[in-house]
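Heads up, the chain below is alone and in the form predicted alone; it's given as structure tokens.
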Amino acid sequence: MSMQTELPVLSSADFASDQDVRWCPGCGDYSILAQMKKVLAGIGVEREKTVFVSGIGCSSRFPYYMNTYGIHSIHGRAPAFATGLKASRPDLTVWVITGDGDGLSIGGNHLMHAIRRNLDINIVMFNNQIYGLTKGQYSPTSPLGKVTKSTPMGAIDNPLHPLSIAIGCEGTFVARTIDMNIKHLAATLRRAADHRGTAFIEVYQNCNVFNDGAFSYATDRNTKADTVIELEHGRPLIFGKNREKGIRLNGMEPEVVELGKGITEDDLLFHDEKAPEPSLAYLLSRMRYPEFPEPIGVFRAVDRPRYDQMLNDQIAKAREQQGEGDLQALIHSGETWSVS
């Protein structure tokens, strides 16, 4: 009779490596690291079957600080490494850690295809709207007109919106959270870990050296009730210090309304994260401060076939039909010749 072995109960400290954490004091990355360790301890994952894959940037130091396996790969290519890893080792839990520069500039192509394939991986993008590691140049998410070392007269590139890209790629789990909202951050990471398929999370992360206060409107206790709206599945979009305001649709355009004065909760837009059609999720991803409160939470969570599972099903079927392959026989098959 086989004996089942129980996994050891781990704490967040068990997921901390022996490396000194080398981020600037006060960086939002510390919060993300702390919540990640708590979440992994809480869900009882095996460290030996957990892998963090990163590219290049401040965020990409993450694998060094986790007591798991890790790959510090090359600029923008973390999704490609993660694809090969998950496809060949479907038993592993794979997290991709990237930044707005790493993931959306040189890595945009790799990110897009990982999301559309729907591998069972988790992608966490630290968005601080700046290049931090290379000392303060504008990034693909920097707002129009942003003055930086590389744009002294103001950025003239239209910024990318990470969630809009993920939803446009038919992402099956798309969410946003904030580094300083630690309960929401932890809950969002937990939901991503539970999702089967590609989970994409954008984290608003403060770079207190080169772009301090970029998201202060969303973190200041005096303003955040009016500038952030928390998405809840099946619930109306309500916000405000006294929950007196909401979002409704005027045709296909969202608009801010005040409750009362003939407007009730039933008139508001109700959030449906499980809708198979992603149009409303995309609409929410376009709501930007200051015209609208910015949504945080899960925009979309649907179940669709997974690339890694289908790939391995095809391999199993091919082996069943044709037997085990022989690489040497394949190389020497057909028309071959020797060069002396």
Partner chain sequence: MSATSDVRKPVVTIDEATIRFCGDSGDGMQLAGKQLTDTSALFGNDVATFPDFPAEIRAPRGTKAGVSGFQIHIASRDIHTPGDEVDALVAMNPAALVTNLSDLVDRGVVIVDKDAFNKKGLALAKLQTNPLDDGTLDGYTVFPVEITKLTRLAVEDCGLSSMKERDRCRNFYAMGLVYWLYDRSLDQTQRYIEEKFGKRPSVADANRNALIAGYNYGETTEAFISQYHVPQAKLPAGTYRNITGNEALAWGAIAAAQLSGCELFYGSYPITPASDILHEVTKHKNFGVRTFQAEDEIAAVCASIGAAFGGAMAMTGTSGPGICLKGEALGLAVILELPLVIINVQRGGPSTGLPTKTEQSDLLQAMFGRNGESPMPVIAASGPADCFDTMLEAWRIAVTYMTPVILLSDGYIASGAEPWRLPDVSELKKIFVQHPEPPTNGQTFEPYARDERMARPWALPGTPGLMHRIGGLEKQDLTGDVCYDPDNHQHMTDLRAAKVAGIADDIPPQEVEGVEQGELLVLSWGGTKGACKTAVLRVIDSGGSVAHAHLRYLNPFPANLGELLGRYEKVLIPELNMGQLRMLIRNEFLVDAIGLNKVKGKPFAVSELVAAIEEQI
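Note that this is a predicted model, so its numbers are computed, not measured. Each form is matched to the other, and the largest set of C-alpha atoms that superpose within 1.5 Å is called the rigid core. Positions refer to the first chain, counted from 1.
Missing here is the form predicted in complex with its partner chain; even so, the following discussion is about that form.
Engineer: Looking at M180, A80, A214, V209, which has any heavy atom no more than 4.5 Å from its partner chain in the predicted bound form?
Structural biologist: Checking each option against its partner chain in the predicted bound form, the one that comes within 4.5 Å is A80.
Engineer: V147, I263, L269, I71: which sits within 4.5 Å of its partner chain in the predicted bound form by any heavy atom?
Structural biologist: Of the listed residues, the single hit is I71.
Engineer: With the partner left out here, if you bring back its partner chain in the predicted bound form, are Q19, Q314 and L330 all within 4.5 Å of it by some heavy atom?
Structural biologist: Per the other structure, all of Q19, Q314 and L330 touch its partner chain.
Engineer: Looking in the predicted bound form, any heavy atom of P8 within 4.5 Å of its partner chain?
Structural biologist: Contact with its partner chain, no.
Engineer: Does its partner chain come within 4.5 Å of any heavy atom of Y64 in the predicted bound form?
Structural biologist: Yes.
Engineer: For I165, is any heavy atom within 4.5 Å of its partner chain in the predicted bound form, or not?
Structural biologist: Although its partner chain is absent here, I165 would stay clear of it in the predicted bound form, with no heavy atoms inside 4.5 Å.
Engineer: Is F292 one of the residues lying within 4.5 Å of its partner chain in the predicted bound form, judged by heavy atom distances?
Structural biologist: It does not: once its partner chain is placed as it appears in the predicted bound form, F292 has no heavy atom within 4.5 Å of it.
Engineer: Considering its partner chain in the predicted bound form, find the one stretch among 96-104, 124-132, 72-80, 244-252 with heavy atoms no farther than 4.5 Å from it.
Structural biologist: Contact criterion met by 72-80 only.
Engineer: Which residues within 312-340 place at least one heavy atom within 4.5 Å of its partner chain in the predicted bound form?
Structural biologist: The stretch 312-340, when checked against its partner chain in the predicted bound form, contributes N312, Q314, I315, A318, R319, Q322, G323, E324, G325, D326, L327, Q328, L330, I331, H332, S333, G334, E335, T336, W337, S338, V339, S340 at the 4.5 Å heavy-atom cut-off.
Engineer: How about L327 - superposed on the rigid core, does its CA move between this form and the one not shown by 2 Å or more?
Structural biologist: L327: C-alpha displaced by 2 Å or more between this form and the one not shown.
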